[in-house]
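Before any questions on how it binds or moves, here is one chain, the form predicted on its own, in structure tokens.
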Amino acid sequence: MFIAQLKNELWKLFGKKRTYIGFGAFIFAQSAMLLAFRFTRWQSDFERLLSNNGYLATEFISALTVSVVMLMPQIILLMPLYTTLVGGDMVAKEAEDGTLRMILSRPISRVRLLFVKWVAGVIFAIILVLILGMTALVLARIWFPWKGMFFFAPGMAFSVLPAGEGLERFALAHVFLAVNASVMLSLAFMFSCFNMKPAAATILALSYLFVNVVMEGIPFFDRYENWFITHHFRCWLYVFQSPVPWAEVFQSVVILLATTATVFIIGATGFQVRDIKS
């Protein structure tokens, strides 16, 4: 029965047009950024950065390097938007349309109903991240050769890797990005469980993430950085360090998974006490 219910939720989720907005936006943004990297000073700035550090730029301006360059702004700006858009819609929209009354008239607990919906949302988040990475790599390969990877994140990592190891790190980074996307979706899903409009759930989730980013950027709060969820979102960047600081990565992953479980419990508790049938 669980599999049948999950298939039904996935059918409903991927049957909505708004579910595909994120996929289209990612492809459009990647195409625009790829053209910008290819035909503006962006590429020459990267070549200068490599040359100043003693590396031959022609060996590391590659499909893998450009893929990561395109990913970073999309992960910061677009991924939170489209994961929270879907997460905030999953419960609140059905409550708004009145279909939850019909669903809850059947012999299924509210917690199980929420859990099935949440699993469907996590599957969407994982697919979104996979499509994001695959399209970035494919589009970059059209314009750039398959060579070594250069990765630079100020204050986080500076590394040059051979193509094979770079691809492995690229794939591993997407595992942790999928965790990040699931947390973002779960946060909006929690707000969606309360009595509010889908747009309100999405805005509240985005506002919470934005407040974390702003407070984390204030020097006074440097000592409290581990309390900000956006700090732990950066665990995917550590994958490109040599050697990888696995202790910090796993610490952030555990905190993110605990956050996901916490917001689900809060959302399920709020949904349990709601009077939907009246």
Partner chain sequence: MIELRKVRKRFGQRLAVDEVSLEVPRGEIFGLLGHNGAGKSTAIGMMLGQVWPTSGDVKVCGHDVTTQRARALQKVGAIFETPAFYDYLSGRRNLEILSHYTAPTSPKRIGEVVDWVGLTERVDSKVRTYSHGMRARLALAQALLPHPELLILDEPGSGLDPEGIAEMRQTIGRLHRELGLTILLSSHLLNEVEQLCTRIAVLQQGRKVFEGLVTEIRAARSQVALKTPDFAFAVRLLQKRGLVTGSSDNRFLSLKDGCSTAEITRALVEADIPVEGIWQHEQTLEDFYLSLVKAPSSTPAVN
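Small disclaimer: the values here were computed from a predicted structure and weren't measured. Numbering follows the first chain given and starts at 1.
Keep in mind that the form predicted together with its partner chain is missing from the display, and what follows is about it.
Can you tell me which of 175 to 183, 188 to 196, 145 to 153, 109 to 117 lies within 4.5 Å of its partner chain in the predicted bound form, counting heavy atoms only? Of the stretches listed, the one contacting the partner is 109 to 117.
With a cut-off of 4.5 Å between heavy atoms, is Gly98 one of the residues that contacts its partner chain in the predicted bound form? Judged by the heavy-atom cut-off of 4.5 Å, Gly98 is in contact with its partner chain in the predicted bound form.
Its partner chain contact in the predicted bound form: Leu104, any heavy atom under 4.5 Å: Looking in the predicted bound form, residue contacts with its partner chain include Leu104, since a heavy atom lies within 4.5 Å.
Hey, in the predicted bound form, is Gly24 touching its partner chain, heavy atoms inside 4.5 Å? Gly24 lies outside the contact set for its partner chain.
In the predicted bound form, which residues of 6 to 26 put a heavy atom within 4.5 Å of its partner chain? Counting only heavy atoms within 4.5 Å of its partner chain in the predicted bound form, the contacting residues of 6 to 26 are Asn8, Glu9, Trp11, Lys12, Gly15, Lys16.
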